[in-house]
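Listed next as structure tokens is one chain, alone, in the form predicted on its own.
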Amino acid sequence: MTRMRIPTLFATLALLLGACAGAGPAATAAPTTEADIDITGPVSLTLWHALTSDPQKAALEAAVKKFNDTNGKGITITPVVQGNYTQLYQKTLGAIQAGALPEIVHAYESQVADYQKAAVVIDLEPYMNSAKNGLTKASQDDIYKPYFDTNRFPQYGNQLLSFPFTKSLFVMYTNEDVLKAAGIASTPKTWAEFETAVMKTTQKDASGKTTRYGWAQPLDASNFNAQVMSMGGNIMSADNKTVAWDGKEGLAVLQMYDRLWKGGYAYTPTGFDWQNDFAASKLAFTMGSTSSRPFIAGAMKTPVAWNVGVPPQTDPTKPRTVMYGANIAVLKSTPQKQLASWLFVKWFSDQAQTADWGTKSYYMPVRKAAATDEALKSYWTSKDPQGKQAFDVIGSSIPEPNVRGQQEIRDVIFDMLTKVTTGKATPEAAIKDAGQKANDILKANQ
């Protein structure tokens, strides 16, 4: 993706002054920040998002309608699909240049970091901590801490520039029927066990053509990052100035790809054909987002025994995977619109809403207490046991880096993976070249 230069379009909005000059008793002081004002009239907002298909698109539209009907403050939100995440990102960059921003935007951390180069994203911390309009300490503590960590940006003074929204995490999908047919008693826990299981579950015909693969792996930066983490590595150096995935763990991931792709044990899917293969028991393993669950289940013509869990680990006693899925950011507009936007973000994260979201969208609830919601528990038991399995992995998930330049680095990683799996470069050469390119990008974005 070509990096675009974004001029600063908005100066930071000044804080509202109190209604009266001079100090007064703390208990009766007038509001002094934009986070503490009242909504004084009808407010219309636009939410740009990337949920292009159901059930996610319908779930979001239903949630927005419920908020519009029940907020009691005259706030009306219009959700607008702007294509996939890449298209949404490009359109938002264009809107920043044109000075025609939506009030709320759906975005990954790497994208928010780029938007804030133009100083157009508001810090949600004052809103979250507002005594009048914020979240209580107990409510904040109920939201998984890594969800906050990923939305705080060190390069921007650790500001809370976005909030958890369509959250998911990287997991391994296992077709238990295929494992059983191959004589494998349980889901592999280590990478060595996994590679053996991939080879054992692969079937080839007399000509040597693969008729059932052990593993299908979409090529994606987040997937690679998760695999590096699960092998005990890190994605960035401690000071966030260089990448760390170009070390021994990243090389081990690429070498595994090289062995399994060359041997005909694994393949790179075209689109989502892996979902049909998995559902038809033509595939033993795949790895990706927890949000793929409804599509896998929907592709099953006959019942299949399958499970969801952390990917294989170098040390199964300390499991690590990537937390991903996008967030929601509020862009600078007017005090009334910014507060109205925050009130939607706050409402959406409430226990009742996040539990309902988990049953309808297949994204992860953001609160620990969601696990006690009776409707969600019943749903998991009767319709989506893999959803509970995925929820239980949240505690092992770690946010990806959110420093500037990550959006470009994702493309570098994808190119690296493509070169290795197509035999155009050795793992050693590919990771050396990609690491240098990534560090040059980070240097340019310091």
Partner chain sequence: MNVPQVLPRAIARPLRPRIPRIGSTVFKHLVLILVGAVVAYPFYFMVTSSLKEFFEATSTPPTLFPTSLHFENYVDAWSRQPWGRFFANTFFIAGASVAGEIVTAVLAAYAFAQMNFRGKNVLFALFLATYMMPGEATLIPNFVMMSKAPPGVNPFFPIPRLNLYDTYGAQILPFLASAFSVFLLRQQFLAIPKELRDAAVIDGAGHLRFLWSVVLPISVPALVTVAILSFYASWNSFQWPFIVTSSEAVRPVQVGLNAFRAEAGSQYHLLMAAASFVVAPIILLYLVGQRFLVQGVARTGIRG
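Treat the numbers as computed from the prediction; the structure is a model and nothing was measured. Residue numbers count along the first chain shown, from 1.
Here the subject shifts to the form predicted together with the partner chain, a form of this protein not shown in this document.
- Only one of 351 to 359, 193 to 201, 222 to 230, 84 to 92 places residue heavy atoms within 4.5 angstroms of the partner chain in the model of the complex, namely 84 to 92.
- The partner chain is not shown here, and in the model of the complex it never comes within 4.5 Å of any heavy atom of T242.
- In the model of the complex, the partner chain sits within 4.5 Å of a heavy atom of S53.
- Using a 4.5 angstroms threshold between heavy atoms, K282 counts as touching the partner chain in the model of the complex.
- Using a 4.5 angstroms limit between non-hydrogen atoms, N71 is distant from the partner chain in the model of the complex.
- Though the partner chain is absent from this view, in the model of the complex it lies within 4.5 Å of a heavy atom of just one residue from A98, A131, A375, A305, which is A98.
- Put simply, of A371, L160, A299, I184 only one has a heavy atom within 4.5 Å of the partner chain in the model of the complex, and it is A299.
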